[in-house]
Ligand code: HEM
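Below, in structure tokens: the form predicted alone, a single chain.
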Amino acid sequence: MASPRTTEVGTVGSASPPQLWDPVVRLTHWGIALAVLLNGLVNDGGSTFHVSLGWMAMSLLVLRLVWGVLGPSEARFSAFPPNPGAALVHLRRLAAGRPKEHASHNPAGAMMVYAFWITLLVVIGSGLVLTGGATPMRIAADKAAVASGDWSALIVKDGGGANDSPRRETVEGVHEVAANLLLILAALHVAGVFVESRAMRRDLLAPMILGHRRK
């Protein structure tokens, strides 16, 4: 069953849908992808660079979520609601070589989008807990103070000694598992784009780079 804002315009070989993927969608997509990839490669938790990428991803995610309400029709949540049943139908059609076009994310792609966003929220939320919500500038300033001999920058200010608590270990575990899950979801997403591009016999990457479908 298609979503309320999803338009099936035919099978392989039919006309491509109209222009979509506005600049905000493309900016948030590639910006978050870059932040996740770099943090996965750098993997230096607590560094100023690591935290900066986290704040960048958080800002872009907030922008994308707001855009899901205020943006053009193809970018709104109503265009690709999470629907596991529709996703399974789409995957079966894809496996049979009979996928249909959609004016926004296809149902399987929509499920991937929501899974990625939820996992990213867990990574960001746990990261904020681990850093006490400190901004990258604050972390850089604290490290500079310690380097200069001012160890008072490391004093726990909440008085609870949370840095050594079992709770922190739990949050660190959640953060690490969710971060690894993000990389797995990203790999599945890339594989899905490749498979569907071949099934559709057209480039699905171009719309996210150029902003329109290449016929």
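From 1 onward, residues are counted along the sequence shown. Note that the structure is predicted; figures quoted are calculated from it, not measured.
Omitted from view is the form predicted together with this ligand, to which the following refers.
Contact check for Met200: no non-hydrogen atom falls within 4.5 Å of this ligand in the model of the complex. For the chain shown alone, Arg167 is not a contact residue for this ligand in the model of the complex, no non-hydrogen atom being within 4.5 angstroms.
His105 belongs to the set of residues with a heavy atom inside 4.5 Å of this ligand in the model of the complex. Although the partner is absent here, Val36 sits close enough that one of its heavy atoms falls within 4.5 Å of this ligand in the model of the complex. Using a 4.5 Å cut-off to this ligand in the model of the complex, each of His50, Arg64 and Ile124 places a heavy atom inside that distance. Proximity to this ligand in the model of the complex, taken as a non-hydrogen atom within 4.5 angstroms, holds for one residue of Leu128, Leu94, Ala79, Ala87, which is Leu128. Looking at 182 to 200, the residues that come within 4.5 Å of this ligand in the model of the complex, counting any heavy atom, are Leu182, Ala186, His189, Val190, Val193, Phe194.
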